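One chain follows as structure tokens, the form predicted on its own.
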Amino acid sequence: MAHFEKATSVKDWLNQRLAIEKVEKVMASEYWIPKNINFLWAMGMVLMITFILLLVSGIFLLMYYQPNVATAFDSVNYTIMREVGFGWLWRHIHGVAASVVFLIIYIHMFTGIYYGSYKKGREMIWISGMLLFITFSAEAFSGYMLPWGQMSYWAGMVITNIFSLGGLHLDGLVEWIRGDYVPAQAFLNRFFMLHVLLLPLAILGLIGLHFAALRIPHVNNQDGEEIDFDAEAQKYLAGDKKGSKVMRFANDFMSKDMMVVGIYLIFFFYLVFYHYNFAMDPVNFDPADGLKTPAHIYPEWYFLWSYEILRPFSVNIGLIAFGFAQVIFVLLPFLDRSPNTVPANRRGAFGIWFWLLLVDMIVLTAMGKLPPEGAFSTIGLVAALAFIALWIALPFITAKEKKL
């Protein structure tokens, strides 16, 4: 009890009970970041800001959205867009953020792959990040159902059909997920609950895990150099800030983060005010109609690459390929058997593998939006096979890599 001395201020009183100063040191002023990093390391903060924009705009939309198959479409496209003051703005922010967040996630992912940020003790950083990607994908899909437009309905129909697992014919599982034989009121209720409660809670928990995983091994750097953070921190604290290879998270690195965030927000709100339509499928401005199938059903752009891996094959093989694509990124730390943590451009065959994977995923994304006809079908098949082949080859390529 001697610890609880007479407090001279509210800060002292709270500090004695909540260890505010210690938490601040652990999480901010004595959390050390390498100096040799570039603007791509700010993508985590950009993602956090985008998630906050999604959360705040979602709360405002929730005040007027009606989760009912008879009124959901009008509550979004008429009530929110025309009757509620600045309702259009909150919908545009939410729609643009839901799309742009995946662009930032993919940049963040491929930055991690390029610089080997998943290796040597950083496996949990990568795994927690990929779990966040999966959860964000589920959150985006559940949100896409809520406007209850034509593409909402039919995308929901197609994606939930995947759970029948092709030849296994688990139709009862599909009906259990939907709560009905086709997407209807029970389906909308369930996806509404997932979108506004369960999945956001999971995302918040995984963000906490991701930051906790970052705290111990620290972030990687653009040279792949192994830094003795304790020794370099002592230099910094002793006053040798120029000689030290690290800087404080707050407020040194945070100021660099905020500069990147500021530039990003200019780009973001330019899209919100002038080009928001890119995030809103024209087909989804028609009310859901179970008797009128759209000519071409496709998911949002950020799912197109994995959708295209499913599409060129027969049902059973396509589902196996689709499942492969969903889990393979999580296994990257264990498939890359190289001892090196240097950037991909210094790793020979792995550098070629990295750029082939990136180009292949762009091709898959482009083909996923086009009808599976003629040359498009052939290109999609080749790209899907190339994706699988690249991942199968990865352990063999990296096992032969010599220590640099």
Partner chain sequence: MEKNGRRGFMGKAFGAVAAVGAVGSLVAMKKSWDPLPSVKAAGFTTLDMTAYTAGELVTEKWRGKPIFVLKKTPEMVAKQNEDDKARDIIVNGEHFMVAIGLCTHLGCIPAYYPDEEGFICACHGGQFDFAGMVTKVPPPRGLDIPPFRIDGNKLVLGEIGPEYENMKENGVTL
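Numbering follows the first chain given and starts at 1. As the structure is a computational prediction, the values presented were derived from the model and not from experiment.
The form predicted together with the partner chain exists for this protein as well; it is not shown, and the discussion that follows is about that form.
Q: Classify residue 275 as contacting or not contacting the partner chain in the predicted complex by the rule of any non-hydrogen atom within 4.5 angstroms, answering yes or no.
A: No, no contact at 4.5 Å.
Q: Using the partner position in the predicted complex, report whether residue 130 sits within 4.5 Å of the partner chain, counting heavy atoms only.
A: No, no contact at 4.5 Å.
Q: Hey, in the predicted complex, does residue 323 get a heavy atom within 4.5 angstroms of the partner chain?
A: It does not: once the partner chain is placed as it appears in the predicted complex, residue 323 has no heavy atom within 4.5 Å of it.
Q: Examine residue 313 and determine whether its closest non-hydrogen atom to the partner chain in the predicted complex is within 4.5 angstroms.
A: Yes, residue 313 lies within 4.5 Å of the partner chain in the predicted complex.
Q: Please pick out the stretch from 92-100, 158-166, 131-139, 209-217 that is in contact with the partner chain in the predicted complex, where contact means heavy atoms within 4.5 Å.
A: Among the candidates, contact is made by 158-166.
Q: Could you tell me if all three of 296, 307 and 372 have a heavy atom no more than 4.5 Å from the partner chain in the predicted complex?
A: Spot residues vs the partner chain: full contact, yes.
Q: Tell me, which of 108, 248, 190, 122 has a heavy atom within 4.5 angstroms of the partner chain in the predicted complex?
A: By the 4.5 Å heavy-atom cutoff, the listed residue in contact is 190.
Q: Can you work out which of 237, 328, 182, 204 has a heavy atom no more than 4.5 Å from the partner chain in the predicted complex?
A: Flagged contact: 182.
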